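In C-alpha cells, the next block holds one chain alone, the form predicted alone.
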C-alpha cells in the first residue's frame, strides 16, 4: 500500500516537475525588462498625459469663473458711478426739466407684462414627477455662498473647543512640516547650504513626511471628524476627556518622533514608519482612544440610520490600528518579509487612513456646503466596499521586477486596476452632487477647494493605477516621478479636501469669516505651486528613468534633474507661502471677539 502510494505520488511529482520545467522559461521571460522603444505610445504614459490635461482644464474653468465674477463687479461699480453722475446732473437742471424726467419715470413704472410672453394661461403639470421641491423665495441660495452668511450652527462649547484645538494643532504642524520640506527642497538646488548633522537630508526628509502625515492631516481629520460624528448621530460626544487625552497623545508622539529623527534615532528604512516603536505606540493609543470615543458616540446616536460618513471614518480608524500593529511586529521585519510589509504599510497608510477618512468627511461637508443631499447613497456604499476590497492588496506594485514572487506583483497590479471602481464611483457621486452649482464657484471660496480635491481624487488615483503597470513602473520607479505622484495624492486630494472642510465648518461654529481675497490667495498659490511642483517632477523623473534605461552614468541623471529641481523649489515655495496665508485665515476664523469686551466697558461707563 505504501509503495503504491509512493509510486502514485512520484508519478504526480514527475508530472509537476515537467510542468514547472515547461513554465520556467516563460517565468524567466516574464521577469525580463520591457522594451522602452516608443515609450510615448504606452497606455500608462498616454493616460497620464490625459489626466494632467484634466487638471489644467479645471484650473482654466475656475479661473474663467473668477474672471467673470470680477468683470461683473467692475460693471456694477461702473453702473453705480453712472448713477452718481446722473444724480449730480439733476442738481443743475431747472424745475421744468426735472418734472419732465419724473413724468417719464412714472409712465415707465406703470408698464406691466401681460404674463403670457414666455408661456400661456394653461396650468403647468409635472406628470413625470421631475420636480421634487418648489420654492417661491427668489433669495433662496442653492449653495453656501460664504458672504457673511448668518447661518451659525448651535455647537456645544466643549465640542467647539475640541474642534478648534485639533485644527489649531494641525495648522501648526502643517506650517512646521512644510517649512522643513521647503528647506529640504532648497537643498536640491543648493546642496552646500549647511554642514550640520541634524539638518542633513537623511534626517529632515522623514521629519517633513511624518509631520505632515501624522501632525497636519491626522489632527485635521480627527478634529473635523468630531463634528461629523456628533452631527450625523444627533447626539453629544461620548467623552470630551478622552478627546483631550487623545489630543495630547497624538501631538506628543509627533513632537517626540521628530526630535528622535533629528538626533538620528529612527526605525530604519521603513518609509512613513521612521518613528521608533515606543513613539508609534503613543500615537496608536491616541487612535484607539479616538476610535472608542467615535464608536460610543455613534452607538448612542438619537437616530436609527448610520450615515455613510461614519462608515468611512470608523473603518479608517480600525484599519489604521491594525496597520500600525502589523507594521511594527518584529517577526515581519526580516528579509523580503520586511519589503512586503513596507509596501503594505506605505499604501495602506495613504489609502486606508488618509483617503478613507477624508472621503468620509467629504460625504458630509460637500453636500452640507451645497445645501443638498449626497447624489447617491448606493454609489457611496459601492465605493466603500470596493475600496475595502481592492486597496488591501496593491502595496507590492511598488516592487515590480524585484525579488518578490511574480504572482504577488501580478496580484498587486490587478488590484490596482480594480481601484478604478471605487474611484469612478466616488468621483461620480461627488461631481453629480455638485451638478447645478457650477456657477457658484465664483461666489464661494469653499467650492473651488472641493472641486480641485475631487478632480485630483480621480486624477491622482487613476494615475497611480496606471503607474502600477509593468512598463510605466519600469520607467518611473525610483525616480522623482514618485515624489510628484505622492504630492498629487496627499496634497492635491487630502489637503485640498481638508481645507475645503475647514473653510466650510469653522465660520459656522465661530461666526467669523475670513476675507475672500485671502482665501483666494491661499487657493491659487497652493494650486499653482502644486502644479509647478508636479509637472517638473513628472517631466524630470521620466527623463531620469529613460537615462537609466539607456545605461548612462547615475551622475548624468543628477545633472539632468537640476532645472527640474529649481522648479520644484519654486512650486514648493508657493505652497509654503499659501500655508502661511491659511494659518492667518485660521486665526481670523478662531480669534476671540475683543470688540465685545470694549463694548462692555463702554456700557459699564454709560451705566455709571
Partner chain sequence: MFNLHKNHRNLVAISFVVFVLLSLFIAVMPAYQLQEVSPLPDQPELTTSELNGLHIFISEGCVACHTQQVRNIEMDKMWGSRPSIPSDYYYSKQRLDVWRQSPSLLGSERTGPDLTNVGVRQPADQWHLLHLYNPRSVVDESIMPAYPWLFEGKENPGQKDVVVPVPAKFLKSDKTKIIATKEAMDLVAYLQSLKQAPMPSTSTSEFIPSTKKKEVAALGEKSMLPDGEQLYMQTCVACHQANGQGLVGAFPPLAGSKIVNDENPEMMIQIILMGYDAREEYAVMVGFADQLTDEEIAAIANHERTSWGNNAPKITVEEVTKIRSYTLSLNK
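Everything quoted here is computed from the prediction, not taken from an experiment. Numbering follows the first chain given and starts at 1.
Another form exists, predicted in complex with the partner chain; not displayed. Remarks below refer to it.
Trainee: Consider the chain as shown here, without its partner, and state which of 76, 414, 322, 98 has a heavy atom within 4.5 Å of the partner chain in the predicted complex.
Mentor: Contact check passes for 322.
Trainee: To verify the annotation, which of these, 156, 373, 405, 436, has a non-hydrogen atom within 4.5 Å of the partner chain in the predicted complex?
Mentor: Contact with the partner chain in the predicted complex is made by 405 alone.
Trainee: Okay, which stretch from 442-450, 221-229, 475-483, 358-366 lines the partner chain in the predicted complex, with non-hydrogen atoms inside 4.5 Å?
Mentor: Result of the contact check: 475-483.
Trainee: Identify whether the partner chain in the predicted complex is within 4.5 Å of every residue in the set 195, 200 and 264, based on non-hydrogen atoms.
Mentor: Judged in the predicted complex, 195, 200 and 264 all sit within 4.5 Å of the partner chain.
Trainee: With the cut-off set at 4.5 Å between non-hydrogen atoms, does residue 276 touch the partner chain in the predicted complex?
Mentor: Because a heavy atom of residue 276 falls inside 4.5 Å of the partner chain in the predicted complex, the answer is yes.
Trainee: Determine whether any heavy atom of residue 392 comes within 4.5 Å of a heavy atom of the partner chain in the predicted complex, and answer yes or no.
Mentor: Taking the distances in the predicted complex, the answer for residue 392 is yes, it comes within 4.5 Å of the partner chain.
Trainee: If we define contact as a non-hydrogen atom of the residue within 4.5 angstroms of the partner, is residue 39 a contact of the partner chain in the predicted complex?
Mentor: Flag for residue 39 set to no.
Trainee: Spell out, yes or no, whether the shortest heavy atom distance between residue 188 and the partner chain in the predicted complex is within 4.5 Å.
Mentor: Because a heavy atom of residue 188 falls inside 4.5 Å of the partner chain in the predicted complex, the answer is yes.
Trainee: What residues in 329-343 sit within 4.5 Å of the partner chain in the predicted complex, counting heavy atoms only?
Mentor: Stretch hits, in order: 330, 331, 332, 333, 334, 335, 336, 337, 338, 339, 340, 341, 342.
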